[in-house]
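A lone chain, given as structure tokens: the form predicted alone.
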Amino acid sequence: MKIIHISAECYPVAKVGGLADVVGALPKYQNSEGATGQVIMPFYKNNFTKEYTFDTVHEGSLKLGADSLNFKILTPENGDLGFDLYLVDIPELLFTNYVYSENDTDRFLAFQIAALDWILQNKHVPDIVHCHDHHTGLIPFMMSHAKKYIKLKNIPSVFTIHNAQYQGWFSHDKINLLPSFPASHVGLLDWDNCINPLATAIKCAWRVTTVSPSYMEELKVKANGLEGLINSESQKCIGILNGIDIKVWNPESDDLIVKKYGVTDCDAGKKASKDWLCKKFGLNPKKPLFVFIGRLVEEKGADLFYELFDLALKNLDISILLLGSGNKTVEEQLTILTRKYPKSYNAYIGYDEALSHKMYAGGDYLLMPSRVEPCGLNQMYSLRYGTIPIVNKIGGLKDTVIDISKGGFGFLHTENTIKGIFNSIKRATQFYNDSSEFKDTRKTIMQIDHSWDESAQQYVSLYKSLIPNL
């Protein structure tokens, strides 16, 4: 079985968020299940593409409205990613040092057309086309209804919603950019008087998945305007929990952390990373260390951080370390706190992959007060490294974390307010002081299996259900 994953991101090529981690891991695990997983994504001007040389496997020209654009399909000469990688190079639109921009309608529409043009001419067409998020949301429609791709009509398409808050809306004024299709099908593109790629994919894909079972149920109630559509299409929708790449996220082999460790030497390994973090950022290693790693946006609860951290640092004997960027006002507020609490709080505004690994290894607790968390990977990484998660009870967070009061291993709050999160931090601080149970819990959570093995198998089973003769 040959599966082509189509995505705007894929780790380690280009990463903005969890989408990249999923697309960079799922094909590897599917290959281990006997399938053939491949990835096609845009070619960006970044560190990955600068470090590799590429072979050209296809050259073509596509129409984007009245414009004609030349493109190439490239593959790394010596890429050892665990799956075949193909990059769509369109110099006018995609050869940039960023993944997303204000011109994404044209950029990603051209990318989708180029990807389908390549698949169309390929001698070995895929058995499944698996699209990820709205940047690829028009592919199921074009495969089924664009005259140009009539030969692809019977290839099953699967569409995964990683985050329904972002839908790729654009005006009907740009409908001429799409390849020709029967006018009677224009309603499949429309949602709320605009073209909505996410809604289109939900309507046209053979199957729709979300990245956790709970998130699928939540979307039936709150999906940024698509609740009715998801309910009406629920018979083809399923939630499959994401996994993590345990080869990348493994404290026993992680070259990015200060001292490698496993379950038996967890205490020593985590102490080494914590001591390093505290020395670098001027914190006291004897205090419980709470870390946050992620985007500083409302979706992640970041607008609460200034008051929350101020309250916690005033009333509790703790340290907080933050890694992230996003809303500029939030960034400024969090920088002010470094001066107010110089020995208990610090922040790295930006993103550093190596530092994130050290923080998962050295933190005592991970903060994830997200308002929206379709799956969440950070809490799974933290469990793998023996760092106890403190999370809001939503989406994939409630699918993966059980509260300590119910015989579990984390701290959940249902009231995602400053008071509610503070109470979880307070409970965690008290738990830290019970050193014996705290240390036992760290070792327990390191042994929880959140690898892709089971999830990849679920996807392969889903694909097989769409190809009865395979």
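All values derive from a computational prediction rather than experimental measurement. The numbering used is simple: start at 1 and walk along the sequence shown.
There is another form of this protein, the form predicted in complex with a small molecule, and it is not shown here; the text below is about that form.
This chain is drawn without the small molecule; in the predicted bound form, the residue among 160, 387, 378, 167 with a heavy atom within 4.5 Å of it is 378. Listed residues 19, 14, 462, 446 were compared with the small molecule in the predicted bound form; 19 is the one with a heavy atom within 4.5 Å. Note that among 343-351, 141-149, 229-237, 82-90, the stretch whose heavy atoms approach the small molecule to within 4.5 Å in the predicted bound form is 343-351. Residue 333 falls outside the set of residues with a heavy atom inside 4.5 Å of the small molecule in the predicted bound form. Proximity of residue 295 to the small molecule in the predicted bound form: non-hydrogen atoms within 4.5 Å are present.
Among heavy atoms of residue 261, none comes within 4.5 Å of the small molecule in the predicted bound form.
Under a 4.5 angstroms non-hydrogen atom cutoff, the small molecule in the predicted bound form lacks residue 156 among its neighbouring residues.
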